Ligand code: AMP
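Just one chain follows, in the form predicted on its own, and it is written as structure tokens.
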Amino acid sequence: MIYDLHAHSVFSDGVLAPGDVVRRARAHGVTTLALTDHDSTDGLSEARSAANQEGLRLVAGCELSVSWDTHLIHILGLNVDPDNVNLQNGLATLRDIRTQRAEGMARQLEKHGIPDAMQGALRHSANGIVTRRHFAQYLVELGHAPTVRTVFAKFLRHGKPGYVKTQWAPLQEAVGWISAAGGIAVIAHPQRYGMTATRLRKLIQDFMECGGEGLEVVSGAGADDAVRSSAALAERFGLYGSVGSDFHDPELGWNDLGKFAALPANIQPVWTHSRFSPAQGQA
């Protein structure tokens, strides 16, 4: 059994249609896949149809944007009910925030000599949700940088021309939306936030007080020390461990579907959780 519980499609900032994500996952040996688009569950219907055809179990998921302290944190919701009203209202709120941020980014880029950035980014979005990646794709198209990663470094990170400070959902609200939808809340890629060990422990404590139960111990082609550090945190706090590629683009081989280290044996897998059952997310 190969679980990949973190993947994106064109319904957020991925480049493949949901059905193609499923088919690629199956070709890579994945037996259980969670589609976790940012602030959206709109790709699940197509993914579910493909999963039924491929004989792959699809877990309904999403990845929520959260503001905690001064950090943007991503919280995965695994095995959620995509029809839950509380969850969908929360996702709609986050999409509104994304739109406001995108408009602000477009204004910032125009001040730096890049007009029509909003329209350009929208051309790269499948459903009108504009992410930083869509702006990056547009700037690569214009020749401002050779790769998406270079655009992020030159234009979209803190202190760069296209950066817009954004207030996302509070941690308690986001975990509450996931819980209301019957899902399991998991902190995504904890080692990527650039926190001190003390701040990361405080985040986990606050997360657990809100009802969060999981930590993504293995994320993409994470370094061995990152896996060890995350595993130590999961063990210390009694959190379920999750694994996922954080797949976006087949050209980025470092985080392809199903290609990551195994969950350390001493960590309780999130798929053994009582709410990680076929009831909500089974294809």
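Here the structure is a predicted model, which means the values were calculated and not measured. In case it trips you up, residue 1 is the first one in the sequence shown, and so on.
This protein has a second form, the form predicted together with the named molecule, left out of what is shown; the following refers to that one.
Each of 74, 98 and 149 comes within 4.5 Å of the named molecule in the predicted complex, counting any heavy atom. Only one listed stretch (112 to 120, 209 to 217, 86 to 94, 150 to 158) carries heavy atoms within 4.5 Å of the named molecule in the predicted complex, and that stretch is 150 to 158. Checked against the named molecule in the predicted complex, the residues 79, 131, 179, 137 give one hit for a heavy atom within 4.5 Å, which is 131. Of the heavy atoms in residue 48, none are within 4.5 Å of the named molecule in the predicted complex. Annotation for 237 to 252: the only interface residue with the named molecule in the predicted complex is 248 [heavy atom within 4.5 Å].
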